[in-house]
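Shown next as structure tokens: one chain only, the form predicted on its own.
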Amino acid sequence: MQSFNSLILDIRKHFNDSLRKIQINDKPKYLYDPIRYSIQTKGKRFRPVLLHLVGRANNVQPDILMTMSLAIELLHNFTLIHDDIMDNDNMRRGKKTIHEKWDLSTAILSGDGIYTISQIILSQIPNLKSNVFSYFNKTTLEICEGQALDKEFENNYTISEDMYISMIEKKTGALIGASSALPLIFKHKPHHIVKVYEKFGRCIGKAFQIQDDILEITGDYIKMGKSLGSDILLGKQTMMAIKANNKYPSEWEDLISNSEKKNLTNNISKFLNDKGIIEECKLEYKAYFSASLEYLNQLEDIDISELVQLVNMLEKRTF
């Protein structure tokens, strides 16, 4: 019997093979060279893996799952390109971001192109119903709303924990929720079943983002494969920053204002660790992972064992 780890590796390999086979035009090079560069970068492929596992549990044909997961990953890439521009990040998945390697105009156009390709790929599924397209596009708009809130929240120290959770549910949770729900929408499952899968994915998304915020401070630059500490420099309101500002406002303000840029990440990491805020946030993301499992337990006549193992794997990730 195939082990869970080997199953994940197998899904990821087949997905990467399919991603490389996407036909990308040669000209104009201004558009297609950076698109090719973006989609050939290495990634965890967590969203495609989740979609495949949900589809396996619900007997969706593998070729349908592959096409759907390609569209989801390209949508994810589109959001990352524009997110990197707005946050002025210079590394993504261990490589230079597109605006860093080329320029802003190239990156904006490449993101638009990748999003369009995601729509074209999704349309290749035979007998695709309009509700799948509608859900896909509503998800895209919700992600944009989340990104807008993230920008609005910068340097705003009145943002509450509830406001932060609402923001990350849109920015991160919406796409992970869609990765879980789309196979069920394709199968014409009842609305209440689709919502259970969507909420399962959204809980994972909220946990994933809080976890990512922690790794942004404590993670290894090489393992993470992206710029670390950029959120702090931009005044992003992460769960940790909100808790620090609420509990220790004067100390937090002094730390941010008086730390040299090169020492800021280390100083903040030490402060958050010493005050127990990192541990408190770890408990919060673990609670969201636990909540995701509670949604799975509502499902009947479905083998959820692989999805449970995925949640457990994600909870233990270090990059």
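All values derive from a computational prediction rather than experimental measurement. Start at 1 with the first residue shown and count on from there.
Below, we turn to the form predicted in complex with another copy of the chain, even though it does not appear here.
Listed residues 91, 185, 214, 109 were compared with another copy of the chain in the predicted complex; 109 is the one with a heavy atom within 4.5 Å.
Checked against another copy of the chain in the predicted complex, the residues 151, 95, 101, 195 give one hit for a heavy atom within 4.5 Å, which is 151. With respect to another copy of the chain in the predicted complex, the three residues 163, 274 and 313 uniformly fall beyond 4.5 angstroms at the level of their nearest heavy atom. Remark: residue 32 counts among the residues lining another copy of the chain in the predicted complex, judged by a heavy atom distance of 4.5 Å or less. In the predicted complex, residue 133 approaches another copy of the chain with a heavy atom inside 4.5 Å. In the predicted complex, at least one heavy atom of residue 82 sits within 4.5 Å of a heavy atom of another copy of the chain.
The closest non-hydrogen atom of residue 218 lies beyond 4.5 Å of another copy of the chain in the predicted complex. With the partner left out here, another copy of the chain still marks one of 235-243, 177-185, 141-149, 206-214 in the predicted complex; by a 4.5 Å heavy atom cut-off that stretch is 141-149. Shown here without another copy of the chain, the chain has 119, 120, 123, 125, 128, 130, 133 in 118-133 lying with a heavy atom within 4.5 Å of that partner in the predicted complex.
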